[in-house]
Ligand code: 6PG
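Have a look below at one chain only, the form predicted on its own, in structure tokens format.
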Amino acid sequence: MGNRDIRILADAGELSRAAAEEFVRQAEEAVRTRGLFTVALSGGSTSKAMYRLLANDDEPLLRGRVPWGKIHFFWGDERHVPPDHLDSNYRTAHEAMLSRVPIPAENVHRIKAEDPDARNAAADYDQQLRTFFFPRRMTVEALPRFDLVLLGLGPDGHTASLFPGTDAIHEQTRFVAAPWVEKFHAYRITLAPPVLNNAACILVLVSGEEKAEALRTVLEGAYQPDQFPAQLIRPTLGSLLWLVDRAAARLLRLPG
């Protein structure tokens, strides 16, 4: 599995703080070495709690250390809804963090999921990535390299919007896919596995007893990525850190 670390925290609150501290550490290091920090955000309540911590005026040791003006914010996936929709991952991050901190508007690169055609939204985001990461190349053979990708884990073993049985699991040529997810009767827009795995660091946040079985299967079960797409998360030249609380980790055979 390469450079994988699994850290077990006491509860969701401790997990969110550990995630926020890791975010700050990664941002500081990237800005110190390259002058900017690129991150792909995720949705979900655990990430939302982390965003709130980072933007909290009462947390100067976190908020005050974040080089907000040098961060470029992207999304790992999005629901096929407008940005003001309650289900929007953009809206979650905007309300919890982005609207509360000094970020240049041009540093926020959202997926334009209000497009009625999800495939057009995916193609537009694909082009955004090409323009940002490869501004002077007419053709691109490389992959975008995010400094940090944030992910979660669903009870069915999905991550980002890579759901069991969807074609996006096998996407190798495009940076962004628009899978139809039958159980929701809706499209999603998501970064393809090769892009996720090209990140310098992937941080997976998992909280709650309802995730325990999926977490055990993904980390310790047989490799079946068509059934448990989170098993696809294997960085090629980066690190993988799982932050999980005790409730989610209760079935693991790992120490701690």
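Source: prediction; values computed, not measured. In this text, residue numbers run from 1 along the sequence as written.
If you look for the form predicted together with the named molecule, you will not find it shown, but the lines that follow are about it.
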query: Heavy atom of each of Gly43, Asp77 and Gly154 within 4.5 Å of the named molecule in the model of the complex; finding: yes
query: Stretch from 195 to 203, 62 to 70, 220 to 228, 35 to 43 whose residues place a heavy atom within 4.5 Å of the named molecule in the model of the complex; finding: 35 to 43
query: Contact test in the model of the complex: Arg110 vs the named molecule, heavy atoms, 4.5 Å; finding: no
query: Proximity of Ala160 to the named molecule in the model of the complex, heavy atoms at 4.5 Å; finding: yes
query: Within 4.5 Å of the named molecule in the model of the complex: residues from 85 to 105 (heavy atom criterion); finding: Asn89
